[in-house]
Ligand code: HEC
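Next up: a single chain in structure tokens, the form predicted on its own.
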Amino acid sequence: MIARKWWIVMLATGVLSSGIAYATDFGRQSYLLNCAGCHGPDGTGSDANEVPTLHRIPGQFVKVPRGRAFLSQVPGIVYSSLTNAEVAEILNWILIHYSSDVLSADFKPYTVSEVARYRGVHPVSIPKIRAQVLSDLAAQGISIDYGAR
């Protein structure tokens, strides 16, 4: 709920030119066009295809630096033709739409320059990086259940 209040304050105060890509309707439309094919229109993913749900998990991942980078480095993002601004907007939309209840009070939206920096790294093994992120989260007492939909 804190993240939603924060979001409303940011919109109301017009803080839209600070280099942060905000979660607008474009974020939703772009998600549907670029991400829903795997994660589903409702973000629940697919057990059969080992595509994780987007509900709550991204909001947990951004709590650790490696997890924040990881979200910009998954194959569907790092190899997409989307601009860094579009990716930042989609990620922020996903976080606000699917993870607002687990975002930290000090959550900072992705910026275009941050996404550009992260997308410059192409991990060799996504499962290995994901396991490291899960370990980082576990060290903070955060457990991720990929089976929860």
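Keep in mind it's a predicted model, so treat the numbers as computed, not measured. All residue numbers are counted from 1 along the displayed sequence.
Here the subject shifts to the form predicted together with ligand HEC, a form of this protein not shown in this document.
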Pick from V112, V102, A69, V51: which residue has any heavy atom within 4.5 angstroms of ligand HEC in the predicted bound form?
V51
Give a yes or no on whether every one of G76, I126 and R130 sits within 4.5 angstroms of ligand HEC in the predicted bound form by heavy atom.
yes
Does ligand HEC come within 4.5 Å of any heavy atom of C35 in the predicted bound form?
yes
Even though the partner isn't displayed, in the predicted bound form is H39 close enough to ligand HEC, meaning a heavy atom within 4.5 Å?
yes
Answer yes if any heavy atom of I57 is within 4.5 Å of a heavy atom of ligand HEC in the predicted bound form; otherwise answer no.
yes
Do W93 and ligand HEC come within 4.5 Å of each other in the predicted bound form, heavy atoms counted?
no
